[in-house]
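To begin, one chain is listed below as structure tokens, in the form predicted alone.
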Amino acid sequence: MPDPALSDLRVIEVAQGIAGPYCGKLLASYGADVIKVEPPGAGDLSRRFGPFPEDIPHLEKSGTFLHLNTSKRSVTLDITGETGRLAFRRLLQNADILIENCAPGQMAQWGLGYDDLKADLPRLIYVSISPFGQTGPYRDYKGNSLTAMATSGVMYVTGAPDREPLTTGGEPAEYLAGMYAWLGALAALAYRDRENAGQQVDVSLMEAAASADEYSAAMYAFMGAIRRRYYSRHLFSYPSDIYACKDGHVVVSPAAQGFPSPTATDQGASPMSLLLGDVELDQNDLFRDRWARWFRWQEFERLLQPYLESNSADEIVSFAQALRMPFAHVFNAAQLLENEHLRERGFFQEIDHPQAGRLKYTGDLFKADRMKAPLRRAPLLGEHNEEILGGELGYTKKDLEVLRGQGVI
């Protein structure tokens, strides 16, 4: 097996929470040596995020932290003080990438901004992640995934037209920003290979979320029209929705352009009429005209709902897919973990952890085994202090004791 794709890279991660650590996790997944620098005592903020086993908070058992920090090493270092910053600068001497998500200007106040480092470290790729970026009038605003989804415009078109806007579950803008930071770092590495120069990569949660906008900005630019919320439906076809069925929910999405035509089946009937068991429905305007369905969706739902309510999600999805219609389950977490497709592809992997025990972890963004590094558990807080600060930077055991006593590590 060849070495993983990024095995010659060293990354220093002084980011906390989700976006920055997710960027570091992706780099570590392909072999980069990611050293996570955490505040002494408290560690990464996400060590205090749940879920926790038996709902008991513990710095080493946070599901969020364990997920976001696989395959990394951890040192503790207080970079708010001069002694810690000196050690931090020594760590950076052999680094290719720095990931930080402090408030814009904070690293510069500590003498660790990109402009402070680039003269001594001209090949360093300095990845900065913040709610609104390093420049612009919102630069100093605080924010998170929720504010990014709101200010990006994505939230405005999510939800029912007669209700307030909604956001999707979880922290989508944080994960999007983490992926863009990863892509930015990889692009900067390619640039460095060609030009022998590092640079700062500036990633904004707001811009990451705005890049996931579908049609809204383009529609306004092109037509001057502001897209409005319209349930969870596709803008140009119907049905494209989420429906309750006998034992859960299914996504109903016959095709982006409406129903497959009657000629799509050997029976000379539309797949939807075959699904509902009544080929006479093909004579109904709602089955012949997609715009009729779009405008008279309540009437269409009355035709569809009895079938959905009398069949399970498995029955509906199986039959619809046999008719070449892309229906899908709406899985909960338990169904996802038990899903046969993901199991066969090895998406979830079990890892032992000395404090949290043996748990399942999500897998890779893509399959490419020749570039992949084995998945390793997240580090304990300061687990690699002696290995890195002592073994690599040359601090003696006595030095480390003194630094520990001073609260530097």
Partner chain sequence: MAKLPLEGVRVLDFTQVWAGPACTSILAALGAYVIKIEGMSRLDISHILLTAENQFTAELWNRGPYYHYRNPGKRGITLDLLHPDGINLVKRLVPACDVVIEAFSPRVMGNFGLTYEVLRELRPDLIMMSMSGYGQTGPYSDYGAYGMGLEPASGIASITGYADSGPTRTGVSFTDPIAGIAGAAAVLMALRHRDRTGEGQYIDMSQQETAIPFIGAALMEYQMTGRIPCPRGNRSSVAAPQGCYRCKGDDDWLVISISDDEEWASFCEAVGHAEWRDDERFATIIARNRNHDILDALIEDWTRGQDHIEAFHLLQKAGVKAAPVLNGKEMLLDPHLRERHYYDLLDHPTDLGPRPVARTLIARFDRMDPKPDRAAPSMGEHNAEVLQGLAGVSDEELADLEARQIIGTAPILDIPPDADLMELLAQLLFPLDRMIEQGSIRAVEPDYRRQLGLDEGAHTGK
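Residue numbers count along the first chain shown, from 1. From a predicted model like this one, the values you see are computed outputs, not experimental measurements.
Below, we refer to the form predicted together with the partner chain, which is not included among the displayed structures.
message: Can you work out which of Gln106, Thr80, Ser232, Asn94 has a heavy atom no more than 4.5 Å from the partner chain in the model of the complex?
response: Contact check passes for Ser232.
query: Quick one: which of 86 to 94, 151 to 159, 303 to 311, 273 to 281 gets within 4.5 Å of the partner chain in the model of the complex, going by heavy atoms?
result: Heavy atoms within 4.5 Å of the partner chain in the model of the complex occur in 151 to 159.
field: Contact flag, Gln406 vs the partner chain in the model of the complex, heavy atom cut 4.5 Å
entry: Outside the cut-off, so no.
message: Even though the partner isn't displayed, in the model of the complex is His384 close enough to the partner chain, meaning a heavy atom within 4.5 Å?
response: Although the partner chain is absent here, His384 would stay clear of it in the model of the complex, with no heavy atoms inside 4.5 Å.
query: Might Asp266 be said to contact the partner chain in the model of the complex, defining contact as any heavy atom within 4.5 Å?
result: Judged by the heavy-atom cut-off of 4.5 Å, Asp266 is well away from the partner chain in the model of the complex.
message: Within 4.5 Å, heavy atoms only: does Pro374 come near the partner chain in the model of the complex?
response: Close contact is absent here: in the model of the complex, Pro374 is far from the partner chain, nothing within 4.5 Å, heavy atoms only.
message: Using a 4.5 Å cut-off on any heavy atom, which residues of 346 to 366 would contact the partner chain in the model of the complex?
response: The stretch touches the partner through Phe347, Phe348, Leu359, Lys360, Tyr361, Thr362, Leu365, Phe366.
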